[in-house]
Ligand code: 5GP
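Take a look at this one chain, the form predicted alone, written out in structure tokens.
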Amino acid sequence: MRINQVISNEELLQLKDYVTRLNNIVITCHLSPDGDAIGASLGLMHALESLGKTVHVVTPDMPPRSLAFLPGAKDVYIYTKHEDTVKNLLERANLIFCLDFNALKRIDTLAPLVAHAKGKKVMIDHHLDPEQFCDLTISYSRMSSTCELVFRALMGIGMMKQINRKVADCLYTGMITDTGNFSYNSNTPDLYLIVAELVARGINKDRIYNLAMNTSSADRLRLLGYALSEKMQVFPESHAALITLTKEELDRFNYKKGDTESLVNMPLQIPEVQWSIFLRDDETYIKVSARSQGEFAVNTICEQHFNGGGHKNAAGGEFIGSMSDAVAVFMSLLPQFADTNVNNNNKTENK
């Protein structure tokens, strides 16, 4: 069976030209990188390295420890730890890939360095409304993940031979983490044709699932249990749920980056809940995560009230203010969603 082409011929030709001509490459992704961001970055790195390119992956901050098993993860340059090195890499790069983010603000303090870098810039992303800061923008929001789009890009420029076991491991990790192990936003036949191609390259699906999505520390399990038992509030009349965690609460459970991944999705298992908000104290701001099901669009809520955005059913933002102020904003929204119809059979676009 044939995987349908999504990326335009014009975009593929320009991408192939860059990859053919340019040899000093930096790949970066968004702040607080998740499985899709790191998987896409490392997968693309391994593919380009097999062509003899010099490739470095840089991130704005520390990736979650749950992804340390990915090949090449130990070689990532973290800007908050290697500031001078990252500056130097970006200054010397003649090609910069911007993966899994659609706006410079999503890379935090890396933004001015990327914006002023002289190298050609390529965005590969699946979020809505991309900013036009790259020389080439490959953006398709209907894709399940950026990793799926990276696979399609490699396929489109004739690099299927470069998709080896390392590349496949990384791309598959991003696909499962961005679809909840194919439980949402994953109803297209092409996605499973791509998975079949990755399996053919030797990935161990069960191992990757267990490492990426089914492995927790004791502290993380206790934190999730506390959050659900003590901090989750349900508002059935507005079909909403709220979870908040303060800095003190996170410290109590020895919080590490990635420990609250998927927490915001859990209240959606409750039949009365159509949308869920998780507020996490990040010291300088309140990190907002939002998920929904069916036709309920949380991206508009994040855009209008939490300085963010995203997909219809998976969005986020950053609230500048106290936790109590952020909670007050959430509470002010509840009356307008009272008596909203709930469609519990449509959970297709969560992320």
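No experiment lies behind these values; they were computed from the predicted model shown. Counting begins at 1, following the sequence as shown.
Beyond what is shown, the protein has a form predicted together with the named molecule; the following relates to that form.
Within 4.5 Å of any heavy atom of the named molecule in the predicted bound form lies no heavy atom of H46. Although the partner is absent here, G310 lies within 4.5 Å of the named molecule in the predicted bound form, judged by heavy atoms.
The named molecule is not drawn, but in the predicted bound form it has a heavy atom within 4.5 Å of A314. Among heavy atoms of K166, none comes within 4.5 Å of the named molecule in the predicted bound form.
Among the residues K121, R152, R220, H127, the one placing a heavy atom within 4.5 Å of the named molecule in the predicted bound form is H127. Only one of K105, K247, K257, H116 comes within 4.5 Å of the named molecule in the predicted bound form through a heavy atom, and that residue is K105. Only one listed stretch (64 to 72, 35 to 43, 286 to 294, 321 to 329) carries heavy atoms within 4.5 Å of the named molecule in the predicted bound form, and that stretch is 286 to 294.
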